[in-house]
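The chain below stands alone and is given as structure tokens, in the form predicted on its own.
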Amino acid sequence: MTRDFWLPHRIVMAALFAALVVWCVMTLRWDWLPDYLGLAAQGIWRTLWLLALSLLLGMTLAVPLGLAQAAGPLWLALPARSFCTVIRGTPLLLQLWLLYYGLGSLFPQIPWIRQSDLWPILRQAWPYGLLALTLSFAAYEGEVMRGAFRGVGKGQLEAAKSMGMPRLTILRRIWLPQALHRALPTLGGETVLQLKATPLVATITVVDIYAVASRVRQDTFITYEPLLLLAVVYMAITGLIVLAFRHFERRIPTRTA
């Protein structure tokens, strides 16, 4: 891997990138940055935990959605297929606004919700952003898991059944691990797409890193520098995601027993 890095074309690309960074540092305005470092750190943190939570909750929903479509009875497969079709067939921005401006506007009119302990959370914008991101990821990954479950060899499952292995044990030890292993490359790409979807929460007043860049432009009338810094932040997070999934693909074996 080290030898491959020192190939001529990669050296030229690295030199050009270094020259571009030096030019940006030396010629563009960065005097505004110290005043917004704290807000930018909060925005990055909010982006990261929205991404992480939506991935975790979405994947928790995606596995049963994929399993129901791959091997479930019709009364489970049909609702799962309908959910994935509706969510994947409509824009995420539309879903986000329906949840925030639709469902979120109904809650204040219900007395027992306003008087409950959940009201301090439901009156904020981030739960609706998290819910929209979670449902979107679950729908897309539900389709991915459907294909991954169906891609596992039926001979292994039949052999496990013939040995008297319970269904839950088959799912836990054979079917689910191999399905996840097959889905990992696609999940990596979908995670990157999920990161790129997080700026939509800024439309419902959630202050993520994209909203911070917009605020800098509004306050200082500086356009290019905040956007360049925003691009660097997203590229850095994307690089870490890609490296993490490549690491998992190399380290996680396919279990066949």
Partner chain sequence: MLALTASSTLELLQYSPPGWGANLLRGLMNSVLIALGAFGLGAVIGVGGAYGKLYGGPVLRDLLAIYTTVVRAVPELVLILILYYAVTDAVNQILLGLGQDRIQISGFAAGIAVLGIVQGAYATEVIRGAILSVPGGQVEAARAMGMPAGLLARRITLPLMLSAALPGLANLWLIATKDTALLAVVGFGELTQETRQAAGATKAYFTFFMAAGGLYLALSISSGWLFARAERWARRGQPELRG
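Numbering follows the first chain given and starts at 1. No experiment lies behind these values; they were computed from the predicted model shown.
The same protein also has a form predicted in complex with its partner chain, omitted here; what follows describes it.
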Contact flag, G188 vs its partner chain in the predicted bound form, heavy atom cut 4.5 Å | no
Spell out, yes or no, whether the shortest heavy atom distance between L78 and its partner chain in the predicted bound form is within 4.5 Å.
-> no
W119: touches its partner chain in the predicted bound form, heavy atom cutoff 4.5 angstroms | no
Decide whether Y234 counts as a contact residue for its partner chain in the predicted bound form under a heavy atom distance cut-off of 4.5 Å.
-> yes
Where, among 168-176, 70-78, 154-162, 85-93, do residues come within 4.5 Å of its partner chain in the predicted bound form by heavy atom distance?
-> 85-93
Candidate spot M13, W97 and Y210, all three in 4.5 Å heavy atom range of its partner chain in the predicted bound form?
-> yes
Option touching its partner chain, based on a heavy atom within 4.5 Å in the predicted bound form, out of A40, L57, L51, L200 = L200
Sort through P108, P127, G147, G102 and report the residue having a heavy atom within 4.5 Å of its partner chain in the predicted bound form.
-> G102
